[in-house]
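Just one chain is shown here, as structure tokens, and it is the form predicted on its own.
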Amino acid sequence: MKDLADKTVIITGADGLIGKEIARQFADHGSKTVCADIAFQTSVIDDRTASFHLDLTDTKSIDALIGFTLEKFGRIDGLVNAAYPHTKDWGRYKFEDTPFEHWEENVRMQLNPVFYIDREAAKVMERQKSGSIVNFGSIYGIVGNDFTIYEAYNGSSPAEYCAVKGGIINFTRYMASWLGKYGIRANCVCPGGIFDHQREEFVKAYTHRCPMKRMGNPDDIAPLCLFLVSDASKYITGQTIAADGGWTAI
């Protein structure tokens, strides 16, 4: 994937668990990277790297990110959407107890920004006649939830999570169909569970259920993003690719 050295890539959620690894690997391959996250301050680090303070729920912040990237590097070859904004009470409710306001706010925060940033990046890519957009879905955008993995501690998974991720997956297919004529590709990466020091009971149940008998790590996901931005995948678009240790195979 030597061509990555010639590409300018925006990575949202670049301070997150997976986003950090994605940013590191793009930098290791010589890409010009704009690492965007609400935790960052906007700064030019060197002639190939910049950070950007991005509030993904604010369309003006997204507009500023696109403008900043064009001013700094002159083009956008790849957009990797690894950010996942959510409310402070995220994960607190079971389905029957989920307040409608909680559902509504999280759908707004998580789904709407994907449409907006993808659309704005695509406008730039249309002028270039090339580009690759990588959205993030989830195994729970592909298959239904296995609630048995939460039983040991009476836990659950947010209902809005599967709705948003399923929406992102099919929106990605829409973009692939519409944007293909401009030489723009759109694909969706769907990670399985990523180890982040979760409860021991959860990790045990998850690994027992997973064919590869382990949870994923950020370095299991990042190379897929590099591949989808690179020219090695130049005829791949509209695809939903699970990196899940076989979870969705059974």
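All residue numbers refer to positions in the sequence shown, first residue = 1. Predicted, not measured: the structure shown is a model, and the values here were computed from it.
Below, we refer to the form predicted in complex with a small molecule, which is not included among the displayed structures.
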The small molecule in the model of the complex has a heavy atom of only one listed residue within 4.5 Å, and of V34, A186, L54, C225 that residue is L54
Given 66-74, 42-50, 188-196, 23-31, the stretch touching the small molecule in the model of the complex at heavy atoms within 4.5 Å is 188-196
P85: heavy atom within 4.5 Å of the small molecule in the model of the complex? yes
- Decide whether G137 counts as a contact residue for the small molecule in the model of the complex under a heavy atom distance cut-off of 4.5 Å. yes
> So in the model of the complex, does D231 come within 4.5 Å of the small molecule, heavy atom to heavy atom?
Replying inline: no
**Asked** Do I236 and the small molecule come within 4.5 Å of each other in the model of the complex, heavy atoms counted?
**Response** no
